[in-house]
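We give structure tokens for two forms of one protein chain below, kept apart as structure 1 and structure 2.
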Structure 1
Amino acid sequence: MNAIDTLRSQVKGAEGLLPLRVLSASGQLGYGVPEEAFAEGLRRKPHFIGADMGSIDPGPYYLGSGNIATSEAQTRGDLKRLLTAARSLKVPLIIGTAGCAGAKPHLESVLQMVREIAREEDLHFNLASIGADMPREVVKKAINNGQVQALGAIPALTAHDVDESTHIVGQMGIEAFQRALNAGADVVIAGRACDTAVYAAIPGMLGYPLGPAMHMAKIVECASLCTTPGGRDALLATLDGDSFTVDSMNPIRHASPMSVAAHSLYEQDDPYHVYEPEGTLHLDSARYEQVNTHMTRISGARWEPAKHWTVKIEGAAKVGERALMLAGCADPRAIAAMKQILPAVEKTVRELTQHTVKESFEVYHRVYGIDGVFNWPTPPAVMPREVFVMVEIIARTAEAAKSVATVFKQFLLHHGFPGRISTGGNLAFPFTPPEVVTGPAYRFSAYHVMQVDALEPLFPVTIESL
């Protein structure tokens, strides 16, 4: 009997489905799993364990480069902890968005760690992997057919964007996970996936109402982040018919109606609708009720199947090599004049490097304390007493980017401005060299929704026995 059939027999009661216990081990695997809370979650005998590994939040670098975002040692340790626990309890383990970005190199890196852990720990199970790389010709055809829409105020996707992208992935929903489980998987490692799919696929297969199941998945995807004070400890959800409860495995974190309702809005621009590949979760009738000081019960969410399936696609393209110039400033006159100083220095640097740096380059200034995080339309009423200056240079080669950064540093250090008292020392460098070459720079080349006729061909499932 495979894992999903075993679960069916466990939750099938005389009068219907029994409560389903779902353990969210980590909001993002690879950054450590708090041990005491995870151990408590295992003592509650969950029916399956889930964890997400990825996000688009770290920016386009990881998708573009194919590198995983977390350290190999920490990632391996987290995977070992979850694999040994799941096999000890003989319950499914579901992991989404392998290696942070979920493209083929990320998935392969994580799968190799899983195989090595299984061999070292003498673990035996059926492992499913699900690819998420979008075939470029499929994406181009969808563009030509008018089936691709931008998410937000960004340009329409073009065939050139597709060709420039080093990797393009699509976010799979519950369909791909369910296919993997039906194929006999005990452990599922997926490429780029919707966070909710990790936790909603199994309840949907077992016959639990998809509205509450999907809402539960939305809440537990980041583990105890939905509690007060929020954290990353393991979270146990219990799905019971049309409602579910959430319970942090750390006794100092409490799920209140307010904290849980707030997390329903997490990463959503619409407070009442969560759009998934297979449909829409409606939260306008959701209810949040305190069970006790530690737990909240949630009910009332509705699921509407999609008339047309859609897949969010993400792509990243290399734009060049990056170098940074980093400095602090505590000179009040220089701080007040920084908006004029930086463009003036850039003009000088472009003139000085025109014969040595033959290629074009881009320069971006950020002054933390004034406009480093957000480009405020007006300066603060009172200038900060110190600021941090970051000048980013992107050029075709690392040598060109470094050349510009070093010249920029020198002329920013000695730039003359009205009211200057000192001819040097207007900047403070936190370390030397103050120019740092960081490597390749990427941009998001695709952040769009693509309408598709079928989901299965886009997310291939492979099964192997370990």
Structure 2
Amino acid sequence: MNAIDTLRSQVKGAEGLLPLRVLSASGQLGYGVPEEAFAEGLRRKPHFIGADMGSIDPGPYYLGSGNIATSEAQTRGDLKRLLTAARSLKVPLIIGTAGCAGAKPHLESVLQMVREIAREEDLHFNLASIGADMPREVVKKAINNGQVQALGAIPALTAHDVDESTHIVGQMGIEAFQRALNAGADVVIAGRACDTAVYAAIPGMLGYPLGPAMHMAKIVECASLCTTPGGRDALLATLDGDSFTVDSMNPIRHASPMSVAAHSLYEQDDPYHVYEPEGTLHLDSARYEQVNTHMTRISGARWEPAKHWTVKIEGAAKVGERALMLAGCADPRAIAAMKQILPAVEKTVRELTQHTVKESFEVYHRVYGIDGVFNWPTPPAVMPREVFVMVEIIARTAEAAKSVATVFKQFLLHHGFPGRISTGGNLAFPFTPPEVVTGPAYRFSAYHVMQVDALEPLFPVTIESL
């Protein structure tokens, strides 16, 4: 019997469905799974284990480059812990957004680790992988048909953006996971996926109402982040028809109605609605009730199926190669003048390199202590004693970027400005060389929503027996 049919028989009670226990192992797999809480979660005999690996938060680099965001050793360790646990309990393991960004190279890296772990640990199971790379022709056709809309402040998507992107992924919903499970999967490793789909796909297949199931999924996908004090420990949700409870597997992390409700704010622009490919979750009617000092019961969320399926698409394109110039400054006069000095030096550097660097380049300067983090409308009332200066160059080649950074360093070091008293140099370098080449720089070329007629062709399922 395949894994989903086994679950169907396990949750079938005389008077309807029995409570479904869902263990969220991690909100971001690959940074370590706290062992004590995870082990406690396994003792509660979950019906399945889920983990999310992904996020768009770390910026366009990972999607653009195809590199995974977490360290290989830590990722392998986490995968091994989850695979051995799920196989010893003989329950499904569902992992979403492989390797942070969920494009083909990320998915392949994670699948390769899973295959190696299975071989080393003598584990045997049906492994499903689900691709999330959007065919470029499909996206271009949708653009032409007016079926692609920007999500927030980003320009309208063009065919040129599509061509420039190194990777374009779509966020899959529950449909893709359900197809993988119907095909006999014990372990599902998905490319880019909605966080919620990892946890809502199975309840949806088993017949639990989708409103509470989706709300449960939305809360548990961050593991114990919805508790006080919040943390990364495993979280157990028990879905019981129209409501569910959340229970941190670390006894010091308590889920209160307030802490769970507040979690709906986290990284969402709207705490009342969650938009998924297959519909919208409405949370305005949600209720949060204290069960005991450690657990909260949640009910009342409503699921509205979509009239048209939509997929959030994410793309990243290379903008060039990046080099940095890093230095400190402790001279009060140089600090006071730094915001004027930097553009003046940039002008000099552009003149000096016009014949040697035969390509255009971009320069960004940030003065930590003054405006490195926030675009303050006015300078600070009192200037800081020290500042850190980072000059960033983006050029087509790393050689050009480094060359500009090197010239910039020298002319910033010796730039003369009115009132200068420290003529030995304007900068302190903690080490040399102070120019660093950091590799390719990317931009988000797509963060849009695309209306689609069919989900299945966009998210192909492949099954292999290990």
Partner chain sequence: MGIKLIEIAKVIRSKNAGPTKLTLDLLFNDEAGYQMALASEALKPAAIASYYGLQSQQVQFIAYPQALAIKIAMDRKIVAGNPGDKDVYGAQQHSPLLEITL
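Bear in mind that the values here come from a model prediction, so they are computed numbers and not experimental data. For the two forms, the rigid core is made up of the largest set of C-alpha atoms that agree within 1.5 Å on superposition. Just so we're on the same page, residue numbers count up from 1 along structure 1's sequence.
Asks: Structure 1 or structure 2: which matches the form predicted on its own?
Replies: Form predicted on its own: structure 1.
Asks: Going between structure 1 and structure 2, are residue 98 and residue 312 in one rigid part?
Replies: Rigid-part assignment between structure 1 and structure 2: residue 98 and residue 312 share a part.
Asks: From C-alpha superpositions of the two rigid parts, what is the smaller part's rotation angle between structure 1 and structure 2, in degrees?
Replies: Angle reported for the domain motion between structure 1 and structure 2: 7 degrees.
Asks: With both forms fitted on the core, how large is the C-alpha shift of residue 417 between structure 1 and structure 2 in Å?
Replies: With the cores aligned, its C-alpha sits 3.4 Å away.
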